[in-house]
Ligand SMILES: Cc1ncc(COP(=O)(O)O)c(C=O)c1O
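Below you'll find only one chain, the form predicted on its own, shown as structure tokens.
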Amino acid sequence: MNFIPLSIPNIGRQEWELVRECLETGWVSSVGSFVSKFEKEFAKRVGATGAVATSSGTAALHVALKMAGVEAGDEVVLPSLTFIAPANAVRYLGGWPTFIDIDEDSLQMDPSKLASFLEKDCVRVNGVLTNRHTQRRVVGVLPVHVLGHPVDLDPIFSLAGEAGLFVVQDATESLASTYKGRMIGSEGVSCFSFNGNKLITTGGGGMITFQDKKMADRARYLTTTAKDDPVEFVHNEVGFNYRLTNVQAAMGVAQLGRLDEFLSRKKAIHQSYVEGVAELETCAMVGESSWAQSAFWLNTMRLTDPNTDRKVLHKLLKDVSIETRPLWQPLHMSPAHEGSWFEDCKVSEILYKQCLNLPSSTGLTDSDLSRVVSVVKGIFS
């Protein structure tokens, strides 16, 4: 019985050829033509003015938040149901993540919860927006576009603007998704990831996109150890060794050229799952909102029967060599972020218990896809 993984890379001939070119020319480090080529082509694809390639999506978040001005003791608002990286990035700077709940249908940050937090839980102290519970300064909002689906951005931009907060978007899972026809990454500052399980991959790596060239130049400076004189190695401030290598960038250029192919396959896989479980009353696939086009990075099934145990389903599928993955432990429950303030996050807790991500690799064959659907239907019947 063949193993069906959750989400693995799809590597073709072009990736091999461009990486081989790097190896043959010796340009394998963070200096090389493919780094700038990848940045330019990526920026063009998402509609950004500039892009800076980084060693990881987390590195991208760290630098973007530093540039936004996060300082020790500051709070940044983000959703509780997300991968831990954005919360970690806030802590790297001495700040504190503040967690709010998600929308039950889209699984994204709920703008109404942000509005409630700003209205009920914040006050102005000497003109500074302050969390009344922690007495810490609230400086920004970090919406995370999880699982390939975009966040409802307009009300978040509006609320943040009224409150004087920055917005940095975590788009690490949602390359090629669109919000009201606008490509994610085409507004403000956004961070992407090219980890091995993402829609496109460089093995590891990330990208920050900007609408301001000066900001992009600043990010490139910070991620190159803030080097002011490359000959004498003069550094006027503390920077980071966060640049993507030329070998990884070469792979990224090839992968980016296949983005439409990958996106089409992701959507076809989602549709197959929707049709496959349509007759079941005990589960349903998480879809896309009317204002969104999801990239369906991972296809998420929600269990609607309270008597169905998501952990049992995970084990039953594992026993027949089908890899699935639950959502993340809500971050307001995470021991790693004890001491962070959070608003009521009941929806996050419920969906954490009810949802399971199904195999979603772009290389998933129709035969394997049919087997997943068949096994799921067999379990529920």
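Note that residue numbering begins at 1 and tracks the sequence as displayed. Quantities reported herein were computed from a predicted structural model and do not represent experimental measurements.
What comes next is about the form predicted in complex with the ligand, which does not appear here.
Trainee: With the partner removed from view, which of 94-102, 111-119, 190-198, 237-245 is the stretch that lies within 4.5 Å of the ligand in the model of the complex, judged by heavy atom distances?
Mentor: Flagged stretch: 190-198.
Trainee: State yes or no: in the model of the complex, is some non-hydrogen atom of Val141 no more than 4.5 angstroms from a non-hydrogen atom of the ligand?
Mentor: Contact with the ligand, no.
Trainee: Quick one: is Thr223 in contact with the ligand in the model of the complex, heavy atoms, 4.5 Å cut-off?
Mentor: Contact with the ligand, no.
Trainee: Any of the heavy atoms of Ala85 lying within 4.5 Å of the ligand in the model of the complex?
Mentor: The answer is yes: Ala85 has a heavy atom within 4.5 Å of the ligand.
Trainee: Any chance Thr172 has a heavy atom within 4.5 Å of the ligand in the model of the complex?
Mentor: Because a heavy atom of Thr172 falls inside 4.5 Å of the ligand in the model of the complex, the answer is yes.
Trainee: Would you mind picking the one in Ala48, Val52, Val70, Leu61 that has a heavy atom within 4.5 Å of the ligand in the model of the complex?
Mentor: It is Leu61 that has a heavy atom within 4.5 Å of the partner.
Trainee: Name the single residue among Gln354, Ser30, Ser56, Thr324 that comes within 4.5 Å of the ligand in the model of the complex, judging by heavy atoms.
Mentor: By the 4.5 Å criterion, the partner-contacting residue is Ser56.
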